[in-house]
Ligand SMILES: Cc1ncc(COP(=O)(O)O)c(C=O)c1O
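In the form predicted on its own, a lone chain appears below as structure tokens.
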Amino acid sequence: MGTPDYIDRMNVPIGSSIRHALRVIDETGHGCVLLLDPETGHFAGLITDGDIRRALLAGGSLDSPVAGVPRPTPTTGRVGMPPEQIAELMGERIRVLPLLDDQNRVTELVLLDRRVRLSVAAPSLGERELEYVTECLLTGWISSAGKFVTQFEDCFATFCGTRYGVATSSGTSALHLSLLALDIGPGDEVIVPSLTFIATANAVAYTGAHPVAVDSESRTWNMDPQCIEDAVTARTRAIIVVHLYGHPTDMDPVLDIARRHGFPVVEDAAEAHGATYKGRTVGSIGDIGAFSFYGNKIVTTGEGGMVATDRSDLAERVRLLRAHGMAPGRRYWHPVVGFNYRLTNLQAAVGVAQMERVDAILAAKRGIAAAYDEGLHDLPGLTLPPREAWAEPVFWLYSILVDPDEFGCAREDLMARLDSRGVETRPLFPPIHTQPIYRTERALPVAERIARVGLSLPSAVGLGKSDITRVVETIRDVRHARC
């Protein structure tokens, strides 16, 4: 019997470079490679991505021989070993156990798969991210100065179709700075959707202004333009739209309201990198856009954010405020109270690498959505994610609504069944107006209903077809059993 194909793909000749080993790790997805003596075919060792990372931090290069990477003596087993002995060898530190035959060749692997439980979201990181971060560490450029910050700002602005991009420490700080640049402050009101993550409202509160939450409309789950009109008062100074879960808000009616009343429009595009509205990329449509690069976002830097705008006055104001309010060209001179909202060069390095393959990431997101659509479209009681003709959504998270009567059980029951089979889900955001710090007695029925019955399914870029099939089949089983 020959060696399984997946083991052949994990084999790396002992004379190979670290660069080649990383490429194999990225392609096979098991977090390690098997070193092979090319003359004898014998197993010569096992190297993990962690071993390589430590070697690079110690001064190694991507072109260094992989055989020189320091590593512990591998734990191995033998073909035919009883399962209980294998179980004794496996554990938190031993996740890959090569099984060797009498000729010291790997004929099988026992894997403690970290993805036995499917997560809702996970970052997609590869060789280039490691290369750029390593460059920062080796050169010492690890704080907020460095070439990667400017590169990231420029490439993300181009991606959005705006003249300016200003990197920040988080999506929340990007929102906060956007509002400050628009002179939002105490006594003002800012209209926000109630169905959103709480950071949207918090950024308003940071300025001293008051967030006014409005209801959603059923088609896109985003804010209802008619509700915006009804919420306008003499103190209203701005509107924040949120492109929820990656589907754009219907911007034309929002912009029409803003023009008639003289309000600026801020786009919270934290969940919608690359989504388009009538051919325009979100974040470039209003006066200013804010993005998040948290670890679960489509493009990630771990933590981080970006302000995108065509207006030079807003970009200059954001740059001033994000760096302690220090005057350009005059060190330690502060004409305004500012903030430490800068992105580090280390984080920006990850961002630049992410942007080099953003098209592939977005294509993977849309492919995941298409696979879910195919598997779930005919199930009664499920509402699949919005997809309007004028929009190109990006499906940050694949989210569905569960009608308990028609589907046969409540959202919580479905989530529990999925959890019992190793599938993580998350409820949709509780509406802002129901949160303790912003609670109002005013009913916003559409947002409340969507939040009550909605959940997000595993949506990580690394999901394979078999993973999606597993989720779909579990949901279909639950529906069939009628709970």
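The structure presented is a predicted model; accordingly, all values stated were derived computationally and were not measured. Residue numbers here begin at 1 and follow the sequence given.
FYI, the form predicted together with this ligand isn't displayed, but the following is about it.
Please identify the residue among P248, G304, G351, G286 with any heavy atom within 4.5 Å of this ligand in the model of the complex. Selected residue: G304.
Note which of L175, M223, A308, V282 lies within 4.5 Å of this ligand in the model of the complex, where distance is taken over heavy atoms; exactly one does. That would be L175.
If we take heavy atoms and a 4.5 Å cut-off, which stretch out of 159 to 167, 329 to 337, 191 to 199, 376 to 384 is in contact with this ligand in the model of the complex? After filtering at 4.5 Å, what remains is 191 to 199.
Is it the case that E271, even though its partner is missing from this view, gets within 4.5 Å of this ligand in the model of the complex, heavy atoms only? The answer is yes: E271 has a heavy atom within 4.5 Å of this ligand.
So in the model of the complex, is this ligand close enough to A238 to count as touching (4.5 Å, heavy atoms)? Result no; A238 lies far from this ligand in the model of the complex.
May I ask you to check whether G171 falls inside a 4.5 Å heavy atom distance of this ligand in the model of the complex? Flag for G171 set to yes.
Does V242 reach this ligand in the model of the complex, with heavy atoms at most 4.5 Å apart? Contact check for V242: yes, within 4.5 Å of this ligand in the model of the complex.
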